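So this first bit is one chain, no partners, the form predicted on its own, shown in structure tokens.
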Amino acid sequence: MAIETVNPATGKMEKSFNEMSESEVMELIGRGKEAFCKWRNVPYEERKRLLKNVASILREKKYDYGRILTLEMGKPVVQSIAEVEKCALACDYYADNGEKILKEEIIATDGSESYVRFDPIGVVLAVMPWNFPFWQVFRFAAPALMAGNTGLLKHASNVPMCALAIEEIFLKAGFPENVFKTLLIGSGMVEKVINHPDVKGVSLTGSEPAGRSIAGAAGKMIKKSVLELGGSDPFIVLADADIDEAVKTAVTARMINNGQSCIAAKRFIAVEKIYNEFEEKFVKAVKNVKTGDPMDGSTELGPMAREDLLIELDSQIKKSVAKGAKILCGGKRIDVPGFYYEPTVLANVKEGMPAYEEELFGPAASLIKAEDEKEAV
């Protein structure tokens, strides 16, 4: 089965990669274990030097990597470049502070000597998402490698070019072969990787169903797992708020990353006293969001990452409208090539509607009126 890069701005396939066979994957796991046996003994100062090299490469080629991010998942290129810069900051932070963070902690007890020691565990699998295809990997890789582990990356299947670029960055920076490798595999192979005795832990950022699956597989093998899952974060506007400032922040919070951020505000709860003013100004600001070619530096909202995600969002909106929600702006696919959806605001959102109960992972906001601060909370 091929793993493909489909440009969300055009809907056309840009590049195709062959999925690795099970034997190839098992071989890479073995190499990762061999690399770990040496890497764990590399002094902190050398790990720091190599991680600093990674930060330098990211900064030097931020425009190139930013364009790869945008090509594969559609975020405005300005945001992609900023994501690459943020990755460089993370590498610098863990390079500068890793040894101190991992220092033995002396514990006061009645024993002659008590302390906590932080040892690397071995090969760690990272199952990472497409919405921040560089950042989510580097926030895993920088501390994990600095701590002496080796990493295997199973990236989302729609961002293989990002996955391979990240592997190349570590090699260019001077990291030993097989300390960080990309596995070009589908989700069906993940459990077999987790089950391998040389894989000691797994880190996932993704949906709740994916989290249940990964945690279940790790639990069966009694292996460590770290999960970051989705959310439908509330943005509460109270009567004493600066409404203009609140609207400005709210639009950014909802439309950033083309509305596809797990930690971004999604439900906007305004108290009755200022609700009408907030609604009017918020809708006007959302209508003014510039939608277009994500490679254009002035674009504020690009296409959604995949067509199936667009279809799912559209379905949630239609079901909410059928139950009484009101579309104040947007609410449909834009009739152009690619996976563009209008910036959308829904009002009269009530319990029982997808827009109230579920995460809307795209450029759509839910407005909810609350009687007062207590009801808002």
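From 1 onward, residues are counted along the sequence shown. As the structure is a prediction and not an experimental result, all values here were calculated from the model.
One more form of this protein should be noted, the form predicted in complex with a small molecule, which is absent from this view; the next part is about it.
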**Prompt:** Would residue 231 show up as a contact with the small molecule in the model of the complex if we use heavy atoms at 4.5 Å?
**Reply:** yes
**Prompt:** Wondering, does residue 190 line up within 4.5 Å of the small molecule in the model of the complex on heavy atoms?
**Reply:** yes
**Prompt:** Does residue 129 reach the small molecule in the model of the complex, with heavy atoms at most 4.5 Å apart?
**Reply:** yes
**Asked** Should residue 186 be classed as touching the small molecule in the model of the complex when contacts are defined as heavy atoms within 4.5 Å?
**Response** yes
**Request:** Using a 4.5 Å heavy atom cut-off, indicate which stretch of 97 to 105, 238 to 246, 112 to 120, 130 to 138 touches the small molecule in the model of the complex.
**Result:** 130 to 138
**Request:** Give a yes or no on whether each residue among 154, 157 and 207 has a heavy atom within 4.5 Å of the small molecule in the model of the complex.
**Result:** yes
**Asked** Taking the small molecule in the model of the complex as the reference, which of 149, 178, 79, 213 has a non-hydrogen atom within 4.5 Å?
**Response** 213
**Complete:** In this chain shown alone, the residue from 262, 199, 271, 71 with a heavy atom within 4.5 Å of the small molecule in the model of the complex is 262
